[in-house]
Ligand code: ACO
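First, one chain by itself in structure tokens, the form predicted on its own.
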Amino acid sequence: MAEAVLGGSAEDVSIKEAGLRYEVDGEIATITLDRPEKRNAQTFATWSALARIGDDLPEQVRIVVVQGEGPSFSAGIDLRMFTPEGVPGQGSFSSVAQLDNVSFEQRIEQAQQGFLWLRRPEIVSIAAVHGHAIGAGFQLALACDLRIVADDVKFCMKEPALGLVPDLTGTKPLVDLVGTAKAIDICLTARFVDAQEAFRIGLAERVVSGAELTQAVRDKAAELLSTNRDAATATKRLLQGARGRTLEEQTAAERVEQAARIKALFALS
């Protein structure tokens, strides 16, 4: 959404100061939105910190879990952005409204980088979503490959109701998952999508109780790690490209990937 344009000195804010916790345990990295008193509302500093995590992700990491502390996954944009004062050190909408179009789009692109890396073929990202996932929170969940949700989850694409558009990379995965008509319904009404509907329309891979969410994510991570790393990367790359290819192009891509796998596994040294 247009909130992505806010900058200031956000890139100088530490990950902790940006309201995130970041931990790496072997092949699993966990990012926790950690502003529970603000229902994990996001700012430009949040997105800058997410981008830095992606830039510095250790090579051994195969699974990235994104979760929220407290009662909500993320309530979306920090509403202080709508006030003249804005967020200290990061400005407000009114303070960036005077930017020229090129500078404006560059600010949005910088924010989008915090979301785009979660789709890399060499990792699988899992959003562990509970409570509210609104606007930027919904889009962060959509940036992940998989969404395992608690039965109290409430998704909402709030931006159009605020006079904005979703611009944190969420529109394409939403359309890919649920289709154009359902995406229009969800976005242009800004209505809530509960856990059962999310599962029914393909937004969520699994629905569990809140008490089971952490273990369900751990179990899925273990299942994913049981697959050969290089084969998993190649397969994800194939699946991600499939929608944009004809059948002939996809089968050609399969041949290329399989040739590389067979040679890696069986070619004589």
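All residue numbers are counted from 1 along the displayed sequence. The shown structure was predicted, so the numbers you read here are calculated from the model rather than taken from an experiment.
Not on display, but discussed next: the form predicted together with the named molecule.
Among residues of the shown chain, K158 is one whose heavy atoms approach the named molecule to within 4.5 Å in the model of the complex. For A41, a non-hydrogen atom is located within 4.5 Å of the named molecule in the model of the complex, even though that partner is not displayed. The closest heavy atom approach of L162 to the named molecule in the model of the complex falls within 4.5 Å. E37 belongs to the set of residues with a heavy atom inside 4.5 Å of the named molecule in the model of the complex. Stretch 132-140 is the contacting one of 194-202, 172-180, 132-140, 107-115, since its residues have non-hydrogen atoms within 4.5 Å of the named molecule in the model of the complex.
Proximity to the named molecule in the model of the complex, defined as a heavy atom within 4.5 Å, holds among A75, I148, I123, C187 only for A75.
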